[in-house]
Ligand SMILES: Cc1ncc(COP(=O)(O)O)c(C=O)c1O
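Next up is one chain by itself, shown in structure tokens, the form predicted alone.
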């Protein structure tokens, strides 16, 4: 019989892993939100987010307009609770999220951003050489973390539209597959697959294994489209599906680190057992509670993002550069010259971005900033590649 990892063993392993990170930069590489490319490693070492200074940050998919005024005011009003553990506040936020999603509170689990919960799931389903199936490239934090615990990651390349290839993924599932990871819209490509394809896939696969649906960028879609794309209804039907959300993106709370999943209580229990300590602060909870109903700010962020993204799309079209059809706050396109030169020269112009390695090519992933920032980007990028 294979040994299971207890909470105590998990805690020891985590401490060992933390110590290992100090001694071995290789582990750091594995745990970033996206693989570190050869060009990024050359420019910045193992951390593509490390450059300081007065840079335009188009490298981390952050919301340039947040937090909202309501979130900031909530944090200020909550400062007096800094001496209190957030047990009651957590319960209140879980109830608010449950009401919003149409489930009971025991279907909701909070974490320090959706990334922390992805790591918990990576441990829960990657132990004992578990296999995790996903498209690639995608948001890799779960799979990279699971691999640290000896899981196997089965990658399926995207199709020619830079979308998840659900037919190919379905053909790869086997008796050893412990979890199927889907991301719609996908990071780093920004592409969206029609729910008429994704929902039946998730339903069918959930009969064989767990389906983990990452919806970090769902709110960049218009509200009516969000209702069609989300897999929350599959959770409500009692299926073996986990839906992941974050307050880091449309809500602009990336620095406060708060996210959640929605799933059946037994799945919540299995994943949450690998959470260490109290994951979120009083202030993160206060900001999240204020942000949940702030449709005005969400609409503002969405419309401004669409306008700024349109500028970049227009530039790429004018240059004849192919790209994935983005529905998010970033775009993904082939690098027209070598990535090292792009990163170096763009940083000289105080602009940060990402380079990805995929299918023996280098790709640019550019976050969408304000319209003014995107105009600065296209002007600088044009000079760099000329």
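Residue numbers count along the first chain shown, from 1. If you're wondering where the values come from, they're calculated on a predicted model, not measured in any experiment.
The protein also exists as the form predicted in complex with the ligand; that form is not presented, and the subsequent description refers to it.
Student: Heavy atoms within 4.5 Å of the ligand in the model of the complex: which stretch among 307-315, 211-219, 170-178, 120-128?
Tutor: Only one stretch qualifies here: 211-219.
Student: Please run the contact check for residue 191 against the ligand in the model of the complex: heavy atoms, 4.5 angstroms, yes or no?
Tutor: No, residue 191 sits far enough from the ligand in the model of the complex that none of its heavy atoms falls within 4.5 Å.
Student: Do residue 183 and the ligand share at least one heavy atom pair within 4.5 Å in the model of the complex?
Tutor: The answer is yes: residue 183 has a heavy atom within 4.5 Å of the ligand.
Student: Would residue 86 show up as a contact with the ligand in the model of the complex if we use heavy atoms at 4.5 Å?
Tutor: So residue 86 does not count as contacting the ligand.
Student: Does residue 139 reach the ligand in the model of the complex, with heavy atoms at most 4.5 Å apart?
Tutor: Yes, contact at 4.5 Å.
Student: Has each of 63, 326 and 369 got a heavy atom lying within 4.5 angstroms of the ligand in the model of the complex?
Tutor: Not a single residue of the candidate spot has a heavy atom within 4.5 Å of the ligand in the model of the complex.
Student: Let me know the one among 291, 114, 134, 231 whose heavy atoms come within 4.5 Å of the ligand in the model of the complex, would you?
Tutor: The residue from 291, 114, 134, 231 that makes the contact is 114.
Student: Give me the residue from 257, 94, 302, 264 that has a heavy atom within 4.5 Å of the ligand in the model of the complex.
Tutor: Of 257, 94, 302, 264, the residue with a heavy atom within 4.5 Å of the ligand in the model of the complex is 257.
Student: Output the sequence-ordered list of residues from 184-208 with at least one heavy atom within 4.5 Å of the ligand in the model of the complex.
Tutor: The stretch 184-208, when checked against the ligand in the model of the complex, contributes only 187 at the 4.5 Å heavy-atom cut-off.
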